[in-house]
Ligand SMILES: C[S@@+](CC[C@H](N)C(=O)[O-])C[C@H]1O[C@@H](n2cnc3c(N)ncnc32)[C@H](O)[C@@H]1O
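This document opens with one chain alone, in structure tokens, the form predicted on its own.
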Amino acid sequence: MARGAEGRITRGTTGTNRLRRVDRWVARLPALRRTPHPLVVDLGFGGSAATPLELHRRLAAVNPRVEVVGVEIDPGRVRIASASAVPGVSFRVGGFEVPTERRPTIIRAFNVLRQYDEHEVPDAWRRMTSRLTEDGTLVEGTCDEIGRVCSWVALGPAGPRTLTISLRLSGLELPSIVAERLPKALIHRNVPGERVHELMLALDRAWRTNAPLGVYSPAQRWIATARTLAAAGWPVRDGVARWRLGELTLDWDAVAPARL
């Protein structure tokens, strides 16, 4: 581990196309589109250059002047990844301090804090968000090994804003499968008395209630599920264009732990 780098070396597992769902969500952030030369950090990219390279390709389709920096606390991983550097993508050693000259518009930290203890989350969040631009976003979350079950928290410099769930709808039995892939701040809170537990129950109820719409498509069933949650008072964001992708975004306050 490099001197001054904040954090510790984690497993570093990664995979091609694993983070496509969160990349798709990041690509629609307004700050990415309006910033002339946005800096995006892929923090904890793992054992290969795959995820930073994919992130750059997807975001460059929205803003060709985007720059992606892959940050890893393991110098060996940085050496390996640097051999795959291309214009617009570079790699450096670091951790939660985010060692970039410019402030990032976006920091994506995926499958990193999952390997930490829950009590370590707030400090890591504060350290990363302190490096953002004024309108920047930290996207911190986790997913399964092939990227079909994902969730993430979006944070600004002032703290958490939203929770997003993104699922592959084909063959989905129950949306609460995401419980095992919740961000570290929530994964241990899926117990009675916690708001995220109530969300998991409400999601499953709505999914079952709208089962007849599955004859048209899983997307139509999910859209109806989102509408059912909204009608029940859950602060559901966005609309059909995002819902049909298997996404559901809610205000953070609706799921925030009683204490974190």
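Fair warning: this is a prediction, and the values are worked out from it, not measured in the lab. In this text, residue numbers run from 1 along the sequence as written.
This next part talks about the form predicted together with this ligand, which is not shown.
**Student:** So this ligand isn't shown here. In the model of the complex, which residue out of V139, L172, V149, I73 has a non-hydrogen atom within 4.5 Å of it?
**Tutor:** None of the other options qualify; the answer is I73.
**Student:** Heavy atom within 4.5 Å of this ligand in the model of the complex: which of L203, L43, V66, L55 fits that? Just give me the one.
**Tutor:** Contact residue from the list: L43.
**Student:** Please state whether all three residues S166, W234 and E247 have a non-hydrogen atom within 4.5 angstroms of this ligand in the model of the complex.
**Tutor:** The answer is no: none of the three residues contacts the partner (heavy atom, 4.5 Å cut-off).
**Student:** Could you confirm whether G95 comes within 4.5 Å of this ligand in the model of the complex, counting heavy atoms only?
**Tutor:** It does: once this ligand is placed as it appears in the model of the complex, G95 has a heavy atom within 4.5 Å of it.
**Student:** With the partner left out of view, is Q115 within 4.5 angstroms of this ligand in the model of the complex by any non-hydrogen atom?
**Tutor:** Output for Q115 is yes: heavy atoms within 4.5 Å of this ligand.
**Student:** With the partner left out of view, is G239 within 4.5 angstroms of this ligand in the model of the complex by any non-hydrogen atom?
**Tutor:** G239 lies outside the contact set for this ligand.
**Student:** Is it the case that T225, even though its partner is missing from this view, gets within 4.5 Å of this ligand in the model of the complex, heavy atoms only?
**Tutor:** T225 lies outside the contact set for this ligand.
**Student:** Please name which of the stretches 206 to 214, 28 to 36, 45 to 53, 190 to 198 has residues with heavy atoms lying within 4.5 Å of this ligand in the model of the complex.
**Tutor:** Among the listed stretches, the partner-contacting one is 45 to 53.
**Student:** Within 4.5 Å of this ligand in the model of the complex, which residues of 123 to 142 have a heavy atom? Give them in sequence order, or say none.
**Tutor:** The stretch 123 to 142, when checked against this ligand in the model of the complex, contributes no residue at the 4.5 Å heavy-atom cut-off.
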